[in-house]
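Only one chain comes next, encoded as structure tokens, the form predicted on its own.
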């Protein structure tokens, strides 16, 4: 049997040849072996158990075909919580964790005196944003929607696994929320925002659900839908939070002004890499 070091080295080289980050070989072994990387380094010269090696090599073959590692594992980590993922939902992204962190900071600043905060997550997918917010802030009463019944089933399982209560609704964008007559303090949405003609990485194009990726010819279709629905859903003092494409800042701030005509303040925040990735819209908060 090869050692951990030998198995990872072989996989790393093959991944590099396919244009896949060599770090994936190490990360995948860490997850399969259920070891932190520093513990794995301590085992580097030891033989990989036969069953673990078999699972590792089978998974590496799938990754070499550009299947995302998270789909191969069947789960992903987000904001410290474990989420089941499959081809019905997008894989949670690290930059979306920053959106959650900023929403939580705004709750502390603008809704500190509220005993209960009504929040909705439109297009919840795996439920990552909704579940992380509800788990981190006990005052949040969360409703989450998705047009995909399959995605909602995944999100329901994730809520159960993480011990969080969420009201899940199947339907297109904000429609289920309007039908229920909800009035919200916070509306969150990480919509499909990729223009339809944009080229995607092979792993995204071939494996992740397109309904959760593409946002019309300019990528802004679903933001406009949420902006249009906002007056029917939001309380007088309220806010909206969105993930956005790195190059959509100016276009979206113009849309905010066009829809709300000075009655809302739009603000775009940068992520840890200095890219414009989050849009916040405030109504009577500042």
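These numbers were taken from a predicted model, which means no experiment stands behind them. Positions refer to the first chain, counted from 1.
Beyond what is shown, the protein has a form predicted together with ligand GLN; the following relates to that form.
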{"item": "Contact flag, residue 90 vs ligand GLN in the model of the complex, heavy atom cut 4.5 Å", "value": "yes"}
{"item": "Exercise: residue 129 in contact with ligand GLN in the model of the complex, heavy atom 4.5 Å", "value": "yes"}
{"item": "Interface membership of residue 190, ligand GLN in the model of the complex, 4.5 Å heavy atom rule", "value": "yes"}
{"item": "Close approach of residue 96 to ligand GLN in the model of the complex, 4.5 Å, heavy atom", "value": "yes"}
{"item": "Interface segment, criterion being heavy atoms within 4.5 Å of ligand GLN in the model of the complex, picked from 116-124, 101-109, 179-187, 156-164", "value": "116-124"}
